[in-house]
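Here's a solo chain for you in structure tokens, the form predicted alone.
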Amino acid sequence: MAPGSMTTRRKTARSSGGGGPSIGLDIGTANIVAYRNGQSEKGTQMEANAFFTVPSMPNTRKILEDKAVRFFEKDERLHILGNAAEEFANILGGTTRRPMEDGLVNLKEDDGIQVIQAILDPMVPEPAQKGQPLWFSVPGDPLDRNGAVLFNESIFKTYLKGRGYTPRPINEAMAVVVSELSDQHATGIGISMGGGMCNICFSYLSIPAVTYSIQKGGDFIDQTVGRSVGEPATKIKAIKEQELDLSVAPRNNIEHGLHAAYDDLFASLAESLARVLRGSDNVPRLNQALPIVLSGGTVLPPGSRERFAACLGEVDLPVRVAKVVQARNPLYATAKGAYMMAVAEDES
């Protein structure tokens, strides 16, 4: 059934094939989100997809355990996981490490896959019935790197099968369309601007006609500005997420750098959209103007939608754009779309 028809369905968490509540999973470079409840976000969990390493000492282990900080020990080092990793990095003036880079599993991190699995374990409990479907996000192929996502997808399929689920992949930006454009019959362009990449999907009646990604996102902004001003990328990320307003003039060197980096990212994204759509034979020939919906943590600063729309106005698209909107909750849109697919499968 097409996701557009979901608007008349009951969107509460039900058992999938007699199992437990449906789960939608977004495994991103910056964050991992598990969405469980269609009527509210109370059942949603989000953890930073990051770790911070400190020396292993008896007192340190005991304190972390007493404070319920999640970690695992390897080679006399403690890997602090998730949101706690970012807190430790900010307090100690260090930088977190990422098990994923540019939207894909970081093969340069020897412990990367183990870190991701350790973060996922409490977010994805074993199903009540073996074989319960679980929908999870996968990125589109990066431009000029066809097939780059296959290894990534295989890792998470293997993990979810090991937990007792039947894994169902969904393109990350397609999940945004399902979540945010169901009232448009899942027709439009979804864009997910995450930490490692931007994912794009042109969908017609829930059919993903064109999908791709560019390997530039929030991490590019943090690292570029951090190098320019001599500050850790973790600190730049915190400023970007907590203080930045792109609708007002920058107040200091860090904000000047953030404005410039955002303009560069938005311009790259708009140019790629024009180039890909003009060069594709799969673009639907439609008379109506289409909505574009933006999601992902990179679009959280106020003014992001307007700045991107301005960059979009500088390129020549082969389709008409009705409006550019922001997802109702940019951090949860992909996981919610995956969840809605799980519920639709359960109800079919």
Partner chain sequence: MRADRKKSVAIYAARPVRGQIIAKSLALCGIRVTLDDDPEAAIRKIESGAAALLVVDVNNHLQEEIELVRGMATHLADCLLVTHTDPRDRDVLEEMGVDRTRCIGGPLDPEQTFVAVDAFFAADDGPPPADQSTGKEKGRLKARGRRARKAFQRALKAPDRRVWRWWTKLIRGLQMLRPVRTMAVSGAILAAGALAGYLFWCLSTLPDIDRLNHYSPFKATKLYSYGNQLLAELYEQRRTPVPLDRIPVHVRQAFIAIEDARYFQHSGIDPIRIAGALWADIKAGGFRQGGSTITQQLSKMIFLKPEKTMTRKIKEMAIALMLERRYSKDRILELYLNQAYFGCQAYGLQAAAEAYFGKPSDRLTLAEGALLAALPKAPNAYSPFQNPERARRRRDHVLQRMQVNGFLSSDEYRQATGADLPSVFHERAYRSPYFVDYCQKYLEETYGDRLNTSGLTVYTTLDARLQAAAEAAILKGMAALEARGVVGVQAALVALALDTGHIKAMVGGTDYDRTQFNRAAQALRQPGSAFKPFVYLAALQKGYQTDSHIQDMPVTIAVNNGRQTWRPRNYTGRFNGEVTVKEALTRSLNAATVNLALQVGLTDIIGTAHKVGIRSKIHAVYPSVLGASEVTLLELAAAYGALATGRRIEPVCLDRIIDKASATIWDPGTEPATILPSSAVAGIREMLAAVVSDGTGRRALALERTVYGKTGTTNGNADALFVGFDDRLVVGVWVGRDSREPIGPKETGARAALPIWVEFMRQVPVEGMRVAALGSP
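Every value quoted in this text rests on a predicted model; they were computed, and no experiment measured them. Residue numbers count along the first chain shown, from 1.
Same protein, other form: the form predicted in complex with its partner chain, not shown, and the subject of what follows.
Put simply, F220 is far from its partner chain in the predicted bound form: not one heavy atom of it is within 4.5 Å.
Although the partner is absent here, P284 lies within 4.5 Å of its partner chain in the predicted bound form, judged by heavy atoms. Within this chain, N90 lines the site of its partner chain in the predicted bound form, having a heavy atom no more than 4.5 Å away. Among heavy atoms of D75, none comes within 4.5 Å of its partner chain in the predicted bound form. Taking a 4.5 Å heavy atom cutoff to its partner chain in the predicted bound form, the contact residue among H256, K157, H185, K130 is H185. Between the options E126, E109, E243, D141, the residue in contact with its partner chain in the predicted bound form by a heavy atom within 4.5 angstroms is E243. None of 118 to 126, 168 to 176, 199 to 207, 98 to 106 except one has non-hydrogen atoms within 4.5 angstroms of its partner chain in the predicted bound form; the exception is 199 to 207. Contact annotation for 288 to 318: a single residue, Q288, has a non-hydrogen atom within 4.5 angstroms of its partner chain in the predicted bound form.
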